[in-house]
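We begin with a single chain expressed as C-alpha cells, specifically the form predicted alone.
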C-alpha cells in the first residue's frame, strides 16, 4: 500500500467539502469517530483490524502533480485550492483501539482530531480499510471458534474480490486466528506462515495416482499432505496414501506434517472411514484436512457429526465474509473546537432511527474485567477528561434502560483504557506489532469473553455503557435540539 499514492481514494464530496471550507476560511479542529452499529454475521463481538494500513495511508497522504492535474480536469476545483493541496500534509492526531482487540458496536474504534479539512479528506479511506479488515477478522474468529481448536488455513485468494481484498483479507484472517495462508504475497508482506498442498491437476498429470503421490512425497517429505479424492477416496486415494506413508517409513523418512486432504463428498463419512484405515495401518497421527466450501456453520455441523477432520482449509466463505458482505462502519463528527475558548463543543446527529443517534463529544473507551475471573464485565464509553480507578466504586447503567444498574466495589474489578495514540500533530508515534503478535493478542482477547458471548447463534450481548457525564451531555443536547426544533416550528 505504501508504494501507491492513495490520496484520491476518496469520495468526491470529501474534496468538494474541503474546497468549501477553504473558500469560507473555516478550518477549525474537529473530532470524528469511526464506529459501527451492529456486529457482523449475527456475532456477539467483532475484531479490530486494519490499523497498520491506515497508518501507511496517513503517512503517504499527499497530492502529486498527477493528482492535481486530474482534479483540475474535472472543472470543479479552483487554482487557489489546488495550490493549497500541493503542500497538503496531515497534521492532526489519531487515536485507535489496537488491532486484535475485541470490539463492540458504538465504540470509537478510530478517533481523528484534526483541522476539519484534513479530517474530512481521510474519512473514506479509513472506512474502506477498517471496514474490510474488521469484517474478515471477525468472520475468521467465528470459523476458528467453530473448529474447536483445530487449525484453520486461509485459502481464499482466488475467490476474493480483487488483489487487495485477497492480500489484506489474508492479513485480517491471520489476525482472526488462522494458522497460515495459501497467499504467498501475503506471507512475504506480513511475515506469516504460508501453507498448501497440491491440486487435482497434479494427480491427473501423472499416469496414475500412486505415482503422483510418490513424486510429491519425494519432493516434500516434511509437508506431505496428499489430496485423496481425485478418483475414489476410499478405494484408491486413501490406500495409495497409506502405501506412500509405508514407503516413507521404511526408508527412514520422519513422518512429520503428513496426512491427507478431502475436498469433496460427504466429509463426515469419508473422514471417519479414512481415519479407521489410517489407524489400522499405524498412522493414527496423520492429519486429516478438509476443504470444499467450508464456513463456520458447516464446520460446526461436521464437528457435531463426529467428523475425524483436524485441519480445515477455508476459502470463499471466509475471504468474502459470505452471508454478511459489509461491516457497516461510519465516520461521524462529534465535536468542534471553539475558536475563542479553545474547548471542544460536542455535536450530535439525530435520526428517526434511534440506533443512528450519535454519542457526542471527545471520548475514549474503558474495558472492565472481573478481578477474580479476568472476564469482561462491560465497556464504558466516557469523555476524555474523565478518569477511573479500580480503587474506587463504579456504577454502570444501561444507557437506554437506565434502571438496569451494576455496582462494582473497589478491588472487585480491573479497568483499562483501550485506545492508543497513533498520530500526534501529524507524526506517527505508534509502532504496529507483527501480524503474528497481533494474532496472539487477539487469541488472548477472545479468552476474556464468556463462552456465551462467542456462540455462533444468538450470542450474549455485551454491556456497552455510557458514563454518567456523557449520558447527561447527550440528553442535554437532545433536549436543546428538541427545543430549537419546536421554536422554529412556532
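Residue numbers count along the first chain shown, from 1. Predicted model only: the values in this text are computed from it and were never measured.
Omitted here: the form predicted together with another copy of the chain. The next part is about that form.
Undergrad: Taking 4.5 angstroms as the heavy atom distance cut-off, pick the stretch from 345-353, 279-287, 93-101, 392-400 that is near another copy of the chain in the predicted complex.
TA: Of the options, only 345-353 has residues within 4.5 Å of the partner.
Undergrad: Considering 131, 271, 359, 311, which brings a non-hydrogen atom within 4.5 Å of another copy of the chain in the predicted complex?
TA: For this set of options, the contacting one is 131.
Undergrad: Considering 244, 114, 127, 85, which brings a non-hydrogen atom within 4.5 Å of another copy of the chain in the predicted complex?
TA: In short, 127.
Undergrad: Since the partner isn't included here, can you check whether another copy of the chain sits close to all of 14, 71 and 120 in the predicted complex (heavy atom within 4.5 Å for each)?
TA: Heavy-atom distance to another copy of the chain in the predicted complex: all three under 4.5 Å.
Undergrad: If you check in the predicted complex, is residue 24 within 4.5 Å of another copy of the chain, heavy atoms only?
TA: Close contact exists here: in the predicted complex, residue 24 approaches another copy of the chain to within 4.5 Å, heavy atoms only.
Undergrad: Does any heavy atom of residue 437 come within 4.5 Å of a heavy atom of another copy of the chain in the predicted complex?
TA: Contact check for residue 437: no, nothing within 4.5 Å of another copy of the chain in the predicted complex.
Undergrad: Quick one: is residue 182 in contact with another copy of the chain in the predicted complex, heavy atoms, 4.5 Å cut-off?
TA: Yes, contact at 4.5 Å.
Undergrad: Would residue 472 count as a contact of another copy of the chain in the predicted complex, using a 4.5 angstroms cut-off between non-hydrogen atoms?
TA: The answer is no: residue 472 has no heavy atom within 4.5 Å of another copy of the chain.
Undergrad: Sequence order please: the residues of 291-324 with a heavy atom within 4.5 Å of another copy of the chain in the predicted complex.
TA: 316, 319, 320, 322 sit within 4.5 Å of the partner.
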